[in-house]
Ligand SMILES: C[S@@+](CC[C@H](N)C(=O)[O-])C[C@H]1O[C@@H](n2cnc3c(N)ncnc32)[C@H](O)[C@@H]1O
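Below sits a lone chain in structure tokens, taken as the form predicted on its own.
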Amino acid sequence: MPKLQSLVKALAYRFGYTIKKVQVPAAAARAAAASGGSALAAAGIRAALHKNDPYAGFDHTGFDFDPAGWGSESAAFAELIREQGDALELIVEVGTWKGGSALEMARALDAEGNTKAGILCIDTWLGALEFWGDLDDPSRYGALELKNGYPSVYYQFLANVCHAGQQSRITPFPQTSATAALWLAQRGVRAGLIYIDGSHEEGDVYADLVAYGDLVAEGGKIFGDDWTWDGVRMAVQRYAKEQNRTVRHVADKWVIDRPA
């Protein structure tokens, strides 16, 4: 029977019906529902994740400010933040790398006078598939900053946040996107904006959309980068079709709105 079930799942996946939604324990689901979907607000997320301040004792002065990334200076961030208005309390970024886009969103929040919204940055800081394909690529493999064979780019991320003075706004969550989504779902967290920019493989992107789609607050948005990548575009189109929603574009970002 297990082999038959595996075969059925494999066939279902081939035709687009595989990914299971994050399973939230019944007690946690009831608590989230009772709280209106805000069981853990942005202000409490860092305390729930980190017993100690992740920036405490970190000396960033030995690092240059280097938030270099891809699409991190897009005008879309400020526009989407303006669309959400004063109600925006939390932005979740899935795939943050050196923090360039998170810092851009933090600057946009500052410009809007929003002092309450936090940004949760979810990443393993191990690099996507393309980072490990060409050992002579300084912008990808080189950016991993391997120490004894293990990436250390996380510390460059911390340094960039410190250089920009955004430690109170930006909280790191060094975890896989799947586990992080489960953690958020168990605590009833909902975010006004969720930015998907991790793996570019179709299956991974679709899994992130499914896992994080239900974490978008009513009237919020899930959006992302790299529309020109086949894997990203196909996953987004598939998810939007299943949800009966429209994909729109703001500057270089794709956007799927959740109805209010």
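Residues carry their position along the shown sequence, with the first being 1. Computed from a predicted structure; not experimentally measured.
From this point on, the text means the form predicted in complex with the named molecule, which you will not see here.
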### Message
With a cut-off of 4.5 Å between heavy atoms, is C162 one of the residues that contacts the named molecule in the model of the complex?
### Response
no
### Message
When the contact criterion is heavy atoms within 4.5 Å, does G95 count as touching the named molecule in the model of the complex?
### Response
yes
### Contact test in the model of the complex: A128 vs the named molecule, heavy atoms, 4.5 Å
yes
### Query
Does any heavy atom of T124 come within 4.5 Å of a heavy atom of the named molecule in the model of the complex?
yes
#### Entry: Contact residue in the model of the complex, chosen from S177, Q166, T171, Q156 - any heavy atom within 4.5 Å of the named molecule
S177
#### Entry: in the model of the complex, the one of G224, G213, G192, G69 near the named molecule [non-hydrogen atom within 4.5 angstroms]
G69
### Message
Just to confirm the contact call: exactly one of 57 to 65, 213 to 221, 196 to 204, 230 to 238 touches the named molecule in the model of the complex at a 4.5 Å heavy atom cutoff, so which is it?
### Response
196 to 204
### Query
Using a 4.5 Å cut-off on heavy atoms, what residues in 98 to 115 are near the named molecule in the model of the complex?
G100, S101
